[in-house]
Ligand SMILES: C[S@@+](CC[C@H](N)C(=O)[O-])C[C@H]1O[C@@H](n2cnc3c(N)ncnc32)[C@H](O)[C@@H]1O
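In the form predicted on its own, a lone chain appears below as structure tokens.
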Amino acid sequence: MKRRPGEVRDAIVSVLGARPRGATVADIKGEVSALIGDVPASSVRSYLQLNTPGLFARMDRAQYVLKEFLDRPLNDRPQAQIKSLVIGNAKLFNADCIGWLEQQPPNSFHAVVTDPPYGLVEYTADEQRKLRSGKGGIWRIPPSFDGSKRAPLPRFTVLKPADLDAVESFFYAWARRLIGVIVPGANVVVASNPLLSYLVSGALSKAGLERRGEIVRLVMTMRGGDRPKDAHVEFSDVSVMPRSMWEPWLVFRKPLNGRVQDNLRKWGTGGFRRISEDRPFGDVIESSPTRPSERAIAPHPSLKPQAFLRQLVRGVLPLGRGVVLDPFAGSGSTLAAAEAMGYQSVGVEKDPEYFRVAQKAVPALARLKFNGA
């Protein structure tokens, strides 16, 4: 891949500019790759150690920092100006979660439930503007079904190898930031899809989280099942790929501090909250598509239904106490589910429009009534 002069250097500066405490070569490499595509670790080391001695300094434990930060105490190093608000038991921040996580104290959160944007171009400011205006853009609009107009979908079936590499790098960089701010034994539950879950799972494992399985959301989607494009008559008995009837939510955990019982006593984490005395938390949850009434409250293309989220959010805190984090909060559906369960929660959303929507959507979604939720 041909790069403009100084592109790798500038990306390293951008990464370390958001990390006043410094970062390892592996972390810097992962985050630079997430920004500009795959970059060899050797190129990163060359800039850090040889090419630009005036920019970077080596710290203890093989970490690097911008030289301009080195002589400042941590509390005097630059902090991003971040908008925030409190909604009931929830706190919501308008920020990029990568830089935001860097500023959080260790062991701040007890569980993570999130539906990430996968670093796809669909979620850039320009494409989101086109989506909201209904004019142009690359969002895929599925066909109508049973007379109902379908919502736009991100395109997961046409990603190029460079896109897939970027997804993997994005999740590795995110998980490396995340692991320091969650307590031992914290559950990390991440929405995925069958086409990309293997990449996400590999990146989270490489970052140091323990894979604990998957939660299956049983739901009929509009992905798959179509006949060959421009040949649907000729091959009328063929589906190009299976119609998706489930959605994987990856389950990870930060390594325990001792045994499960030790971790539960110290941190309140290390398992899932049982549904009842006789029913353990299960890995299959039946679900319906998100209702139009919920989409009217919280217009987001990836909005998940409250009836599903409340079951999931309730389960991630085994003792029913702690703070649930959603680093990709969107229009606030996870925070609303936590609010409905009486949990504390924190959300981070980069898009100013979704941040604005969430202010009203969180309390409105939390007030919705469901049988058993």
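Note that residue numbering follows the sequence shown and begins at 1. Because the structure is predicted, anything quoted here is derived from the model rather than measured.
The same protein also has a form predicted in complex with the ligand, omitted here; what follows describes it.
Colleague: Select from the listed residues P116, G268, P248, P289 the one whose heavy atoms reach within 4.5 Å of the ligand in the model of the complex.
Modeller: Selected option: P116.
Colleague: Whether F328 contacts the ligand in the model of the complex should be assessed with a 4.5 Å heavy atom distance threshold; does it?
Modeller: So F328 counts as contacting the ligand.
Colleague: With the partner left out here, check for me: in the model of the complex, does some heavy atom of K350 sit within 4.5 Å of the ligand?
Modeller: Judged by the heavy-atom cut-off of 4.5 Å, K350 is in contact with the ligand in the model of the complex.
Colleague: Under a 4.5 Å heavy atom criterion, is S345 part of the interface with the ligand in the model of the complex?
Modeller: No.
Colleague: With a cut-off of 4.5 Å between heavy atoms, is D96 one of the residues that contacts the ligand in the model of the complex?
Modeller: Yes, D96 sits close enough to the ligand in the model of the complex that at least one of its heavy atoms falls within 4.5 Å.
Colleague: Please name which of the stretches 256 to 264, 199 to 207, 272 to 280, 96 to 104 has residues with heavy atoms lying within 4.5 Å of the ligand in the model of the complex.
Modeller: This holds for exactly one stretch, 96 to 104.
Colleague: Enumerate the residues of 294 to 333 that have a non-hydrogen atom within 4.5 Å of the ligand in the model of the complex, in sequence order, or give none.
Modeller: If the 4.5 Å heavy-atom criterion is applied to the ligand in the model of the complex, 294 to 333 yields H300, S302, L303, K304, P327, F328, A329, G330, S331, G332, S333.
Colleague: Based on a C-alpha change of 3 angstroms or more, tell me if G30 and A166 lie closer or farther in the model of the complex than in the shown form.
Modeller: Note: Cα gap between G30 and A166 shrinks in the model of the complex.
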